[in-house]
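This document opens with one chain alone, in structure tokens, the form predicted alone.
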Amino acid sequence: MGYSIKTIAQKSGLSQYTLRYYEREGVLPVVARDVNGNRCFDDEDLELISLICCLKDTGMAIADIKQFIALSKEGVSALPDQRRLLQEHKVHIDEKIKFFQSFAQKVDHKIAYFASLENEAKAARP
């Protein structure tokens, strides 16, 4: 199925400008064109854009995403390098999760503290 850049922008949450930029910079491989020269995305492109968004949203640098995409074009011989890039990124994600979990614990502690103050205030009312 062919999708226009407008449809892909809506489905992915990326702007049309960002999609064009990703294609121009090689983050997104060259997209097929229709007879009028308009970009014509397919389901495979949509899946790749979803992966690019996932990697970017979890902190992977555009240069690393570009490298990952370039490796995917090299075939089976590049699988170990692709896996390594993803493993390194996963470590980064896990560190971020751990970092935010410590803040979540502090917020939970404050919620419990304010709940206890509320309960005390209710109990002290005549």
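In this text, rigid core is short for the largest set of C-alphas that superpose within 1.5 Å between two forms. Computed from a predicted structure; not experimentally measured. When you see a residue number, it is the position in the sequence shown, counting from 1.
What follows is about the form predicted in complex with another copy of the chain, which we do not show.
Trainee: Looking at another copy of the chain in the predicted bound form, do all three of A32, A61 and A63 come within 4.5 Å of it through at least one heavy atom?
Mentor: Not a single residue of the candidate spot has a heavy atom within 4.5 Å of another copy of the chain in the predicted bound form.
Trainee: Check whether K90 has any heavy atom within 4.5 Å of a heavy atom of another copy of the chain in the predicted bound form, and answer yes or no.
Mentor: Looking in the predicted bound form, residue contacts with another copy of the chain include K90, since a heavy atom lies within 4.5 Å.
Trainee: Hey, in the predicted bound form, is L55 touching another copy of the chain, heavy atoms inside 4.5 Å?
Mentor: Heavy-atom contact with another copy of the chain at 4.5 Å: present for L55.
Trainee: Using heavy atoms and a 4.5 Å limit, would one call K110 a contact residue for another copy of the chain in the predicted bound form?
Mentor: Answer yes; at least one heavy atom of K110 falls within 4.5 Å of another copy of the chain in the predicted bound form.
Trainee: Would F68 count as touching another copy of the chain in the predicted bound form under a 4.5 Å heavy atom rule?
Mentor: Contact with another copy of the chain, yes.
Trainee: Are there residues in 88-118 with a heavy atom within 4.5 Å of another copy of the chain in the predicted bound form, and which are they, in order?
Mentor: Those in contact are H89, K90, I93, D94, K96, I97, F99, F100, Q101, F103, A104, K106, V107, D108, K110, I111, F114, A115, L117, E118.
Trainee: Using the core for the fit, does the CA position of R24 change by 2 Å or more between this form and the one not shown?
Mentor: No.
Trainee: Superposing on the rigid core, I want to see if Q105 changes position between this form and the one not shown - specifically a Cα shift of 2 Å or more.
Mentor: Yes, because once the rigid core is superposed, the C-alpha of Q105 moves 2 Å or more between this form and the one not shown.
Trainee: For S15, does the CA position differ by 2 Å or more between this form and the one not shown when the superposition is done on the rigid core?
Mentor: Not so; S15 is displaced by less than 2 Å.
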